[in-house]
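A single chain comes next, written as structure tokens; it is the form predicted on its own.
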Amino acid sequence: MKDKNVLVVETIDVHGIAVEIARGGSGPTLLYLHDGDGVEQANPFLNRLAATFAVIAPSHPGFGASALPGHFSSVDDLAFFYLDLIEQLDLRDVTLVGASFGAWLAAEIAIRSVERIARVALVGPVGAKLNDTPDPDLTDIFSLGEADLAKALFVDPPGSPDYSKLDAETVARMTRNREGMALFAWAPTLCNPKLRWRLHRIKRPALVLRGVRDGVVPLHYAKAFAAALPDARFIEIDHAAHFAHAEQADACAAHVVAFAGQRGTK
């Protein structure tokens, strides 16, 4: 049985950009940044977090039903957009949580400003070039066939969708999510080569989670990413691949809640 989604979806305007945003729960503020498959992927995870936090989960510009400004072309644009959103909503003492592509985006936000951010939790983070060779740090998800990609993302892949049975809105959202990933994460693939040298600026407690069987982020990369942060702890999630937040929602949410509590949630 699927969890009933407790988040309510609305559209807000952020400096002229129409943004789809889901909200639910009560307590300290948690801003969630979704992976490349969209915010829906994290519904069970967000439902569990909403028992402890006031969860805010936007669809990035160009994903879901959020507008894509013509001048947006990089993760840099998305990072500044989210700084505007945080300021416009007057969010403070934020627990910033990102998964996969969203973890990269969370890091790009935090290197620019942590004034309103209390802590950062990253699930399967990508985004940094951590080795000194031309070889890629991460699996090139854009070169994988659908079956191999599913195995990299999930221990138990959900199976390919039957597009003939999906409504037009769902197909449109899936298509926009893929287009958004291609726009923001294709070249260079899944990374900003300069991010490595800026991670020291995230002067807030951090939590890095990785699925034990992650087929995108190698163990040595995830550990190196955590080590590059000034104050980070690293935890692996059993029976999970790259989308640990979707596959092991209870475990990931429990780690985020414990991390926030131990680090003084206000």
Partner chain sequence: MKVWHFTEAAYFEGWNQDELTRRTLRVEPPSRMVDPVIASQLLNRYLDEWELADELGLNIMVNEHHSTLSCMTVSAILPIAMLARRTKKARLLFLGIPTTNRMDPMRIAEEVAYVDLVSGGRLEMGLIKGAAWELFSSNLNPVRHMERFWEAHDLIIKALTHLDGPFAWEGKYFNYRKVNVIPRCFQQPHPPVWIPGHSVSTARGAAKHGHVFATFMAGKMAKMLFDAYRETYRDTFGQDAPLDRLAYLAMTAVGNDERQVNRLVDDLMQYPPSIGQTSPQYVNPPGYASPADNARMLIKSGKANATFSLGAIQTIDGQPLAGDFDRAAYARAGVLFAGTPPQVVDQIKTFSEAVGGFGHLLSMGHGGPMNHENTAASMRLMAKEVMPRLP
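Residue numbers count along the first chain shown, from 1. These numbers were taken from a predicted model, which means no experiment stands behind them.
The following text describes the form predicted together with its partner chain, which does not appear among the structures shown.
- Of the listed positions (Leu144, Leu83, Leu89, Val114), a single one reaches within 4.5 angstroms of its partner chain by any non-hydrogen atom in the predicted bound form, namely Leu144.
- Look at 171-179, 99-107, 192-200, 123-131: in the predicted bound form, residues with non-hydrogen atoms within 4.5 angstroms of its partner chain sit in 171-179.
- Although the partner is absent here, Ala227 is not a contact residue: none of its heavy atoms lies within 4.5 angstroms of its partner chain in the predicted bound form.
- Within this chain, Phe72 lines the site of its partner chain in the predicted bound form, having a heavy atom no more than 4.5 Å away.
- Within this chain, Asp156 is remote from the site of its partner chain in the predicted bound form, having no heavy atom within 4.5 Å.
- Shown alone here, Pro136 lies farther than 4.5 Å from its partner chain in the predicted bound form, counting heavy atoms only.
- The partner is not shown here, and in the predicted bound form the stretch 81-120 never reaches within 4.5 angstroms of its partner chain through any heavy atom.
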